[in-house]
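What follows is one chain in structure tokens, specifically the form predicted on its own.
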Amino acid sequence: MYVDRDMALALALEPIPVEVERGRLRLYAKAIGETNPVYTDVAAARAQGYPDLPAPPSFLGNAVELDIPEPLSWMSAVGIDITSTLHGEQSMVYHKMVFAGDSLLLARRIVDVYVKKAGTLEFVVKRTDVLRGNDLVAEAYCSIAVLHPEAGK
């Protein structure tokens, strides 16, 4: 079943508050093999002029949104069977740095739905605005490919 594009674009997804914790940043830095001490040692971070541990660049796109309760609920909200999906694409636009202790708000919405390969692939694009107060710190884009093998028959 294809996603109803108009319904998906109009869907209101609940914003999600997130607290950036030092321990989570350290764990993430270790998991990605980051060896720069500014990502794990508060004194090293402050010596570089940061107020606290900075979030590694990929943290907002990979860790933050996947840590929320039911991170894939937006897909079921538009009628996607998650067993027929593939990760399509992911990108980030950064505006400001994020640090340990920051309180963020993830404001998510579907921004596009389109079909390729004679209808066998449908793409749903979600944008997440990462806000600190009223400041936009980053935009995260995630594209999910929905498989429709019946369209090729």
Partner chain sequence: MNLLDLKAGAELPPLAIGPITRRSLALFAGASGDHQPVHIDLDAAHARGRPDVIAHGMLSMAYLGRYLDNLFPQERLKSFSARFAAVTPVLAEPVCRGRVETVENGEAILDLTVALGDGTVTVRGRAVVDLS
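Residue numbers count along the first chain shown, from 1. A quick note: this is a predicted structure, and the numbers were derived from the prediction, not measured.
What comes next is about the form predicted in complex with the partner chain, which is not displayed.
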Exercise for the section: Select from the listed residues M92, A107, V125, V115 the one whose heavy atoms reach within 4.5 Å of the partner chain in the predicted bound form. Expected result: M92
Exercise for the section: Report whether the minimum heavy atom distance between R46 and the partner chain in the predicted bound form is within 4.5 Å. Expected result: no
Problem - in the predicted bound form, R22 touching the partner chain (heavy atom, 4.5 Å) - result: no
Practice task
Report whether the minimum heavy atom distance between D41 and the partner chain in the predicted bound form is within 4.5 Å.
Solution key: no
Problem - the partner chain contact in the predicted bound form: S58, any heavy atom under 4.5 Å - result: yes
Fill in the blank from the handout: Near the partner chain in the predicted bound form, with a heavy atom at 4.5 Å or closer, the residues from 28-46 are Y28, K30, A31, I32, G33, E34, N36, Y39
